[in-house]
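Two forms, one chain: they're shown below as structure tokens, one block per form, named structure 1 and structure 2.
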Structure 1
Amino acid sequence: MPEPYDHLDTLRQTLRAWLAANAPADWRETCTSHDGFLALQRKWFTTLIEGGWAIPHWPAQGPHGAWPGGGRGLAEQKVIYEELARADTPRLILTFVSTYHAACTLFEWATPEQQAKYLPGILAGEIWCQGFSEPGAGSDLASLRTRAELRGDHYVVNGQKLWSTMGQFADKCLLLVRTSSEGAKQAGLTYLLLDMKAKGVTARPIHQIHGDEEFAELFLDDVHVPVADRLGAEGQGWAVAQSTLSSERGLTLLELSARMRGSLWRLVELVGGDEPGVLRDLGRLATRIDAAQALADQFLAKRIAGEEAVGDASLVKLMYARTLREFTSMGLRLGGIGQQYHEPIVFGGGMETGNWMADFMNSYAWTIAGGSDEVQRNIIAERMLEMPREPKSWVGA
């Protein structure tokens, strides 16, 4: 067996050669329209699947044979993410929830029948979205009110979801609903797999201030979801949802940190001459990006070894959100606002199309989505550092 270094070096050189022959050229020009963006995303996903590079975090074997390129170890996954970033390839935004959130949750919680039903569709390009946040239940996810009533062999769901990434294009949805109001808020949640083509489902894109329509709001009116499409037991939805969010804060943040590291050179290229302080600030930023990537690496290593502790995922998300804001702020400082608002901006700013203002504004979403920075700090303080809870303030006599 070759030494680990030789093995990883061989993997790196193999992927680098493959990318030189297969990575799409001038792809940013394609992303100036929704149709162009969607076509590029679908084609690039298919190319990566065929090459065996799209799902290295999946197991090696599935119900009906090997997954293409699955079964990679953490070190191998890191090499793949680094090389995709180095080659400046388009990030798979359209299938992001499908291959990470949905797949990782299915691997951990789904029955063999559910895995056989849903995983092949993800490989074939089915788009999944996430139905977690609601109006009034974003950072405090446990307060969600979308209701699911059990009627025989199906649930009847009514409610509204917000900020569902790519929800207007999705085929399926990871849906968190309330099935009980008894006891703790978390205890009454149940996790369902929703067919977005089901009667009563409406997805409406949200037009953002910088021109993107990356998110959608979902309206659910008497939607029928079979009991067979429930993950875990009724009332176990909070635990299942934590698996979904942990996949985001682990594998996904490892990929995003690697891409940020690769995109740092886009900032270096913007530096003109020896502007005082700029190179110093870039050096500090590079150090923070390396630290964020190392923290994501450490989290994944602990999770794979079964040594993950409460609060580890919060540390990773908090670090990434802060570093992303610093990164995009530097891009805005050096590159300006990029495209103007009246020009079409489709799913990406500075790192994708040259619009640093768009990415800077999007960076604030990371301080809210999946649990706000304040929630993450409370988790770290109370559950990791075992500090006392903040006393409640009482109004009145």
Structure 2
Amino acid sequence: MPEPYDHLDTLRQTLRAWLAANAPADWRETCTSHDGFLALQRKWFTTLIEGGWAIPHWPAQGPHGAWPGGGRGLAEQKVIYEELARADTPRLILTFVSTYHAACTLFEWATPEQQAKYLPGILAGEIWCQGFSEPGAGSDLASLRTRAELRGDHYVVNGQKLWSTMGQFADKCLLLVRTSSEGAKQAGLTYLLLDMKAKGVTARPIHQIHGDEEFAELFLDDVHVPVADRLGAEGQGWAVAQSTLSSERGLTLLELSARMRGSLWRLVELVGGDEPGVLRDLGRLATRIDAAQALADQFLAKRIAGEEAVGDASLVKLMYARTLREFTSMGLRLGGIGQQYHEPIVFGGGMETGNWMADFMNSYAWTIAGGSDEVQRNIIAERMLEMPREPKSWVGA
């Protein structure tokens, strides 16, 4: 049930007042180093937890009492995201995987003991990362090869993970491993909760093209993981992983489209004259952003009503990703040669910081991660429009 309007309006006003008193002001200046970034992200997360705004998507009640600020309906969450974006607060990047991917997967699959063990840590600011992708398993995730062998009460894990966002700072990891090579490749997967401080875990930050080190490569060398830290049954990893993958959909893109729209002034600032061609492209882009936002909005409304259809999420993601690319390209174009002089990035500054070369390169995060544009197009064509799939197997030369 959508909340009544006046209730949402009160929520909006309350949060707006809270943000006026609590939103960090100078974070773009302090986040020019990793230390500054980490300090700010931790502090902002704690402040939001205390204010009751960090985990609106959690259930109201945990095993040992109420979660602070949990149990919000989707319409309420939407208001919260809109206001956080409007106040230009930093996105919670460091704890994003913890509060979304990890928490949502735990809610769905963890035993009461596992929930009691892990959820309080997340509230206290523990950082999680996601160890799914591998050098040989990207879009074709189910082909992953990191092995876990059962030995008594623990698994012994060997392999390599790639692109683990925030992996170098993480305390815990959502780890997808292979426990069997029999049958369908999805059927041999198992889901483990890995302690990043365990013996044999090495995280090496990956230097990205725009100067950030947002993700890491994980090397797993005879790492012991207790059987008690397995989510779901052995061989059920693929199903558990689907919870993780769907946890961030919808709301994130609502927030991000709201932020993109709110950042249009950064482009406007760069327009010098009155050139009709520039005005037209700017105007066209602005309407396109409105459309992307309307689509994300509609998606959420459908979810609230329980009417989400196959492929809807792919449409939202593809539209957002392509629009972000256009947005950042426009910044590059208007910024001209000025944007070719190197400017260090603001860590955790979001998708549109006004450092247009960096923003442009960073926009690939959305066209590649979380299922690339091409993978989304496959889903739209094959699952939504029911166009026939290509023949499954290929015998290469």
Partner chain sequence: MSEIRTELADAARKALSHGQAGDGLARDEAAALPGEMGWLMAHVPEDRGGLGLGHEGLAAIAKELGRALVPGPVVAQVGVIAALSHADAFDGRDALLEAAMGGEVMTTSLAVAPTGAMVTCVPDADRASHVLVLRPDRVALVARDAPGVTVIERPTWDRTRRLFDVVVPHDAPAKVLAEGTAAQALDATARSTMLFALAADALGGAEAALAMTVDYLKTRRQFDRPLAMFQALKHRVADLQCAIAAADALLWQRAGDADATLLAMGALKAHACGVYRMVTEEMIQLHGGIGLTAEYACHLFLKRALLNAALLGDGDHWDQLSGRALLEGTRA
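Please read all numbers here as calculations on a predicted model, not as lab measurements. FYI, numbering is relative to structure 1, first residue = 1. Rigid core here is just the name for the largest C-alpha set that superposes within 1.5 Å across the two forms.
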- Query: Do you reckon the form predicted in complex with the partner chain is 1 or 2?
  - Reply: 2
- Message: Would Ala116 count as moving between structures 1 and 2, using a Cα shift of 2 angstroms or more after superposing the core as the test?
- Response: no
- Item | CA of Leu385, rigid core aligned, shift of 2 Å or more between structures 1 and 2 | yes
- Item | Core-superposed C-alpha of Gln186 shifting 2 Å or more between structures 1 and 2 | no
- Message: Once both forms are fitted on the core, what is the Cα shift for Gly262 between structures 1 and 2 in Å?
- Response: 3.0
